[in-house]
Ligand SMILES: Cc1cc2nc3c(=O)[nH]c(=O)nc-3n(C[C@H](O)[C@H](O)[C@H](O)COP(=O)(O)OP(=O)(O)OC[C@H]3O[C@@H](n4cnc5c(N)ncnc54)[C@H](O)[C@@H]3O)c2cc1C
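This document opens with one chain alone, in structure tokens, the form predicted on its own.
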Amino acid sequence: MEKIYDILIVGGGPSGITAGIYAKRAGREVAIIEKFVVGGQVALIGQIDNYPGFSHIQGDELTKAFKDHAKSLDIPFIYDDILDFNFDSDAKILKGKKGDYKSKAVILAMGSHSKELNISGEKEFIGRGVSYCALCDGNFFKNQEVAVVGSGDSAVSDALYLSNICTKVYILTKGQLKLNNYSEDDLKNRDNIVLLKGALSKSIQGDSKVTSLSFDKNDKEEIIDVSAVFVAIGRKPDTETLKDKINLTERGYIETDERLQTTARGVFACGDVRNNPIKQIATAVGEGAIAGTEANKYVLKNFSKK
């Protein structure tokens, strides 16, 4: 007999895991589908200083705590990439690379992914000096000079992390820094970080691997010799497969009501994939709690309890 879950959650980040915990504790049969790594962005960042209960905690430590909590409740993780959705009937169908999955309700918590610079050499050198995750790849460039491109918290976080293992770290920003969790003083306290404001990245050069980055500054082209370029210019939601299925904003974020239900009946959304003004771990967890609770109410109201 084909298995039908009460609730399927797409995305294993803080919001998805929290949704799963709330739904499971309410007695629903749930599973979390994750295509990459449990923890989402949290698993890929360094120190976290603004999550309540922890004055300082590493991203991978917090991820482990989230995952261990889910496992303690026997919530299964399914590793698959969902390529299409069918929300037209009571039994929602999620089509993955490895198979199809059915459920009475769905919670979308796919998060977002890194934006690209779209400059010459970027795609050619991915994996050979171009990276979108300093925590993942930084150690490959230990005792070398590297560049970080970006002006937000993620760029500063990457630069601070890299400054511990690299001899010099350049930060290139098109304009001023736009920070919420850090300040420019955090960078000034590191002797091996060089902040280049008003630097527009133009191209990445190299042979078998990255050797330099060129940029325009004050109407003049400059080149810095670096072994790696870490791109940290923001993210965009993973909602390409949801077009024409639910309402999305112009930027691709999911629109919901106050109960976090989308325009598709029985389909909810939470976390960074949703159209919300603040994208932090704390808000993702809060939204996950709401989505898990509301999805549970939906199943109880619309389906007889087995």
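Residue numbers run from 1 along the displayed sequence. Since the model is a prediction, treat every value here as computed from it, not as a measurement.
Although not depicted, the form predicted together with the ligand is the subject of the following passage.
Novice: Closest heavy atom of residue 136 to the ligand in the predicted bound form, within 4.5 Å or not?
Specialist: Although the ligand is absent here, residue 136 would touch it in the predicted bound form, with heavy atoms inside 4.5 Å.
Novice: Find out whether any non-hydrogen atom of residue 23 is located within 4.5 angstroms of the ligand in the predicted bound form, and reply yes or no.
Specialist: Result no; residue 23 lies far from the ligand in the predicted bound form.
Novice: Please check if residue 267 has a heavy atom lying within 4.5 Å of any heavy atom of the ligand in the predicted bound form.
Specialist: No, no contact at 4.5 Å.
Novice: According to a 4.5 angstroms non-hydrogen atom cut-off, is residue 47 in contact with the ligand in the predicted bound form?
Specialist: Contact with the ligand, yes.
Novice: Which of 79-87, 150-158, 196-204, 167-175 has heavy atoms within 4.5 Å of the ligand in the predicted bound form?
Specialist: Correct option: 79-87.
Novice: For this chain shown on its own, do 8, 261 and 292 all sit within 4.5 Å of the ligand in the predicted bound form, going by heavy atoms?
Specialist: Per the other structure, none of 8, 261 and 292 touch the ligand.
Novice: Could you run down 251-287 and flag each residue that has a heavy atom within 4.5 Å of the ligand in the predicted bound form?
Specialist: Heavy-atom contacts to the ligand in the predicted bound form: 270, 271, 272, 279, 280, 281, 282, 284.
Novice: Just say closer or farther for the C-alpha distance from residue 60 to residue 126 in the predicted bound form, relative to the shown form; it changes by 3 Å or more.
Specialist: Compared with the form shown here, the C-alpha atoms of residue 60 and residue 126 sit closer together in the predicted bound form, by 3 Å or more.
Novice: Just say closer or farther for the C-alpha distance from residue 281 to residue 136 in the predicted bound form, relative to the shown form; it changes by 3 Å or more.
Specialist: Closer is correct, given that in the predicted bound form the C-alpha spacing of residue 281 to residue 136 is reduced by at least 3 Å.
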